[in-house]
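Okay, here we've got a single chain as structure tokens, the form predicted alone, with questions on binding and movement later.
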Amino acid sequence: MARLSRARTLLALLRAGNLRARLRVTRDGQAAIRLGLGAAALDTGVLDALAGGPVTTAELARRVGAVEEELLAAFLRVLAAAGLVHDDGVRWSLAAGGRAVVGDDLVRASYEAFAGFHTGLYRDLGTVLAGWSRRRDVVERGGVIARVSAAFEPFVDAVLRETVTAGAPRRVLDVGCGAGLQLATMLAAAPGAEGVGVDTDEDAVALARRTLADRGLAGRARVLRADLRDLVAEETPFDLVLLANIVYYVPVGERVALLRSLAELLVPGGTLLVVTTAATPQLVSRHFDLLLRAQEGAMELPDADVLVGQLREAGLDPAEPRRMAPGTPLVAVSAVRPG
């Protein structure tokens, strides 16, 4: 009888229509709950507090400054259901999922970014469309953006090492260096080279300096919080300049001027390597383009072919755009200064 009842229920669901859409929205809703849950576990300090070892609910409440102890216990039960914490009946501790969030900064930064400004874009889109305000994520969340960008490192690393090996540069420059990962890669691939990293965000500069120090490269590099125009006036030419995931922050009408300034920083025969997410029909590309267009300033993703034309206009000799990873909109364009 129970089997017949289940069959009738399934048939009713199939006849209702839109079954696929209903299943998808349920799946997406659960993913959204997990995302918000992980972000809340970090924001409240619960996961970091549990990193010190198992504690009772009362002790955890004292550590995180929670007054509503029963509400905290209910929150912990949700975290346990999601596999982030463990309850032995007396004390709470980190589960494997919670240890991954606490121990992996990319995982932590991803929770902060995707539960924060990435989805906040859609919660606030009505006010942006109405012209009331523009978003300031790029200005205010530069540190988190730099940390999340570490996810691209494996894709960029091979192209960057290949470029460094082929050119054997003595001086390298990373414009918009973020966490300093690519600058560190260039210096590691060219043991005799010196490097400069530049970023306008204070948090990103601090992250880059820490990255270089942790990898034993601080003696061969400087990281400056500066504008590119100041750099043009003060620095001697470079053999290799990297512009990774930066060009889309520059208004389209100003990109040729930027590329021309970077060309002036190169020695004759030097290389400018532009790495960027490009405008494609893919969801992640369309989302990122919308996020940029909603910011203060005229930001948008570049079309790869248009970018090649802008590099030529800036006086450089560009190669064809290179797709860096199957299924992603990430591209690299290498351009040489003639002479």
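In case it trips you up, residue 1 is the first one in the sequence shown, and so on. Given the structure is predicted, the values throughout are model-derived calculations rather than measurements.
A second form of this protein, the form predicted together with a small molecule, is not displayed here; the remarks below concern that form.
Enquirer: May I ask you to state whether residue 177 is within 4.5 Å of the small molecule in the predicted bound form, using heavy atom distances?
Expert: Residue 177: contacts the small molecule in the predicted bound form.
Enquirer: Does any part of residue 214 reach within 4.5 Å of the small molecule in the predicted bound form? Heavy atoms only, please.
Expert: Contact check for residue 214: no, nothing within 4.5 Å of the small molecule in the predicted bound form.
Enquirer: Examine residue 201 and determine whether its closest non-hydrogen atom to the small molecule in the predicted bound form is within 4.5 angstroms.
Expert: Heavy-atom contact with the small molecule at 4.5 Å: present for residue 201.
Enquirer: Is there any non-hydrogen atom of residue 149 lying within 4.5 Å of the small molecule in the predicted bound form?
Expert: Answer yes; at least one heavy atom of residue 149 falls within 4.5 Å of the small molecule in the predicted bound form.
Enquirer: Check each of 266, 246, 113, 101 and return the one that places a heavy atom within 4.5 angstroms of the small molecule in the predicted bound form.
Expert: Looking at 266, 246, 113, 101 one by one, just 246 meets the 4.5 Å heavy-atom criterion.
Enquirer: Counting any non-hydrogen atom inside 4.5 Å, which residue from 106, 226, 206, 125 sits next to the small molecule in the predicted bound form?
Expert: The option sitting close enough to the partner is 226.
Enquirer: Looking at the small molecule in the predicted bound form, is some heavy atom of each of 163, 167 and 184 within 4.5 Å of it?
Expert: Checking in the predicted bound form: none of 163, 167 and 184 is within 4.5 Å of the small molecule.
Enquirer: Which of 192-200, 128-136, 68-76, 92-100 has heavy atoms within 4.5 Å of the small molecule in the predicted bound form?
Expert: Residues of 192-200 come within 4.5 Å of the partner.
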